[in-house]
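A single chain, nothing else alongside it, follows as structure tokens in the form predicted alone.
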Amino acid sequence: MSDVKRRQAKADPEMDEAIYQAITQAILEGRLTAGTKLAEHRLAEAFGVSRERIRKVLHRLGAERRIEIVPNRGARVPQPSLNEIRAVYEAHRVLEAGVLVQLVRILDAAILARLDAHLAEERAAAERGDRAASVRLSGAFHIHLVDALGNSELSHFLRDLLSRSSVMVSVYEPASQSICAVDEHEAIVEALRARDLAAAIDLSRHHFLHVERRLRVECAPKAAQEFADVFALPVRQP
């Protein structure tokens, strides 16, 4: 094996994580648009690393369902159809209704304090215009609800749904509407605080419907994106 190939094959978890975070951030911020082809050679050039390293990161993103990997066609940013969006958000509504039924039975001051602290983080991110943080924290709100039950199967299922829906929001929702989620989350918490289960479930249902309806599905093909522009601070391999 040549020195170049040996150097490219050498494990470098920090480099892999940096590239993973850069691509994830670009998707969450909407800088990588729906349907964008994530060609290995173009990403390798943008980051100054080997195609093998890029392939490893793309497989991780694909396993998390943050991107799509199509056999013989490569990887791309998801471009979900209306039917896929409806299915995911219907699953969100059904799952969270069941979560709230169980949560109201065990709700205590500690759980409410965690939710209040999280809402403060969400509002701060929205007010400073941090798109990626807003999308991440919006999903984390629902994770707080399900994790409070201590059911690992439910938590795993929700995280899988959020991997898909967070990308849908990132590529299809107008950034100016992110603040709406904070207000809707706050209303759900207030209903829980009042032990009003019916109101909490109704607010949750309407919240997911609102998010789904805010998505603007665009089917028109887009020009190839310049990754050097998308990733303003590329990672360079030593």
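In this text, the rigid core denotes the largest set of C-alpha atoms whose superposition between the two forms falls within 1.5 Å. Here the structure is a predicted model, which means the values were calculated and not measured. Throughout, we count residues from 1 along the sequence that is shown.
Keep in mind the form predicted together with another copy of the chain is missing from the figure; the text below concerns it.
- If you check another copy of the chain in the predicted bound form, you find a heavy atom from every one of 97, 157 and 201 within 4.5 Å.
- Using a 4.5 angstroms threshold between heavy atoms, residue 110 stays clear of another copy of the chain in the predicted bound form.
- Another copy of the chain is not shown here, but in the predicted bound form it comes within 4.5 Å of a heavy atom of residue 164.
- Contact annotation: residue 90 falls within 4.5 Å of another copy of the chain in the predicted bound form, judged by heavy atom distances.
- Within this chain, residue 153 lines the site of another copy of the chain in the predicted bound form, having a heavy atom no more than 4.5 Å away.
- With the partner omitted from this view, the residue of 193, 31, 51, 205 that lies near another copy of the chain in the predicted bound form is 205 [heavy atom within 4.5 Å].
- Residue 139 shows a C-alpha shift below 2 Å between the shown form and the other one [criterion: core-superposed Cα displacement of 2 Å].
- With the core superposed, residue 152 shows a C-alpha displacement below 2 Å between the shown form and the other one.
- Relative to the displayed conformation, the Cα-Cα distance from residue 17 to residue 155 shrinks by 3 Å or more in the predicted bound form.
- Cα-Cα spacing of residue 154 to residue 20 is reduced in the predicted bound form versus the present form (difference of at least 3 Å).
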